[in-house]
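Take a look at this single chain, the form predicted alone, given in structure tokens.
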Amino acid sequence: MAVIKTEDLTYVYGEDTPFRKVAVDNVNLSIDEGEFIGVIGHTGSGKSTLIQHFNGLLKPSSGRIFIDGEQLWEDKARLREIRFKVGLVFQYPEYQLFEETCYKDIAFGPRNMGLSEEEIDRRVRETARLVGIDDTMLDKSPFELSGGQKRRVAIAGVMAMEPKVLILDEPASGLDPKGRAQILGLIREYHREKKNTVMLVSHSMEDVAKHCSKILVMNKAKVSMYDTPVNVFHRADELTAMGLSVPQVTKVFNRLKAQGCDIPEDVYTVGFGSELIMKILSQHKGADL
């Protein structure tokens, strides 16, 4: 079942002004429950504008949006409740921390939903565990934590609302390689445990190739591709024409293919590339390669 569906979704900035710009143009999209979607596109492609429609931050200029089967803007009385089904984490979410303790910051969203204190406590502690925040840190001020820990607390605050769809806009932006791996690892673990829909907006082809089951490519306000990583990165020339790229490991293996090496499959992650090389070597053991 589609947890997010759009029909002819269009959004125009500055309508009836000289600065009119179509940011999302006639998008028809169906995202199934449980998918891990990577969203990529060059700056100005429309990807950030698109995701802001999914929890009602922007209202379409035309077209319709359905969240879990309900039309988002059909009944204003239902709008708030439907919005709770889609959690949106912006870039640098730690800048939005404001409470006295990590516990209170994570609890802010669930408390806004009108939940009981018992349910709020359960969600705070369960989500803190998921993101690697132990109980001793919950009573600390979030401003005493490291940058990576602050980001975990901020992400946990959205996760604690238990949305059916979690959307993260460049969640690893600005972090060092270790912090980046930790944040993306916890998001993947969250998806594995909760089995809900995750959308990851990223400029890193390596990240979306490694973690995502499907990739949504935005180009010039339209959906250019929506397919598996293998099928998307197989269209490397088209991606390059859009100003995008493919993972570095894919470039290496494509070069090997161009030089006549018998590479039987497309490679888009380092792990798979390593396994493939070992397989090829074992098949030719003793031969003069």
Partner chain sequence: MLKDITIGQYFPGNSPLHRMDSRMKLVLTIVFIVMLFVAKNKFSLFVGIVFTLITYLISNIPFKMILKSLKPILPIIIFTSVLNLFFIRTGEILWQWKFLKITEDGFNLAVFMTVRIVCLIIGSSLLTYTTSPIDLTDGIERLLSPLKKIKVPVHELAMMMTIALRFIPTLIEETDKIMAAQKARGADMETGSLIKRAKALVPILIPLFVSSFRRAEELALAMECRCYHGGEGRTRMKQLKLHLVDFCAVIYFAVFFAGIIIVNTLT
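Bear in mind the structure is a predicted one, so any value in this text is a computation, not a measurement. Numbering follows the first chain given and starts at 1.
Below: the form predicted in complex with the partner chain, not depicted.
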{"item": "Exercise: Thr101 in contact with the partner chain in the predicted complex, heavy atom 4.5 Å", "value": "no"}
{"item": "The partner chain contact in the predicted complex: Leu57, any heavy atom under 4.5 Å", "value": "yes"}
{"item": "Partner proximity in the predicted complex: Arg80 to the partner chain, non-hydrogen atom cutoff 4.5 Å", "value": "yes"}
{"item": "Partner proximity in the predicted complex: Pro171 to the partner chain, non-hydrogen atom cutoff 4.5 Å", "value": "no"}
{"item": "Which of 130 to 138, 187 to 195, 205 to 213, 85 to 93 sits within 4.5 Å of the partner chain in the predicted complex, heavy atom basis", "value": "85 to 93"}
{"item": "Contacting member of Ile183, Leu97, Leu145, Leu115, with respect to the partner chain in the predicted complex [4.5 Å, heavy atom]", "value": "Leu97"}
{"item": "In the predicted complex, residues of 104 to 131 near the partner chain [heavy atom within 4.5 Å]", "value": "Asp105, Phe108, Gly109, Asn112"}
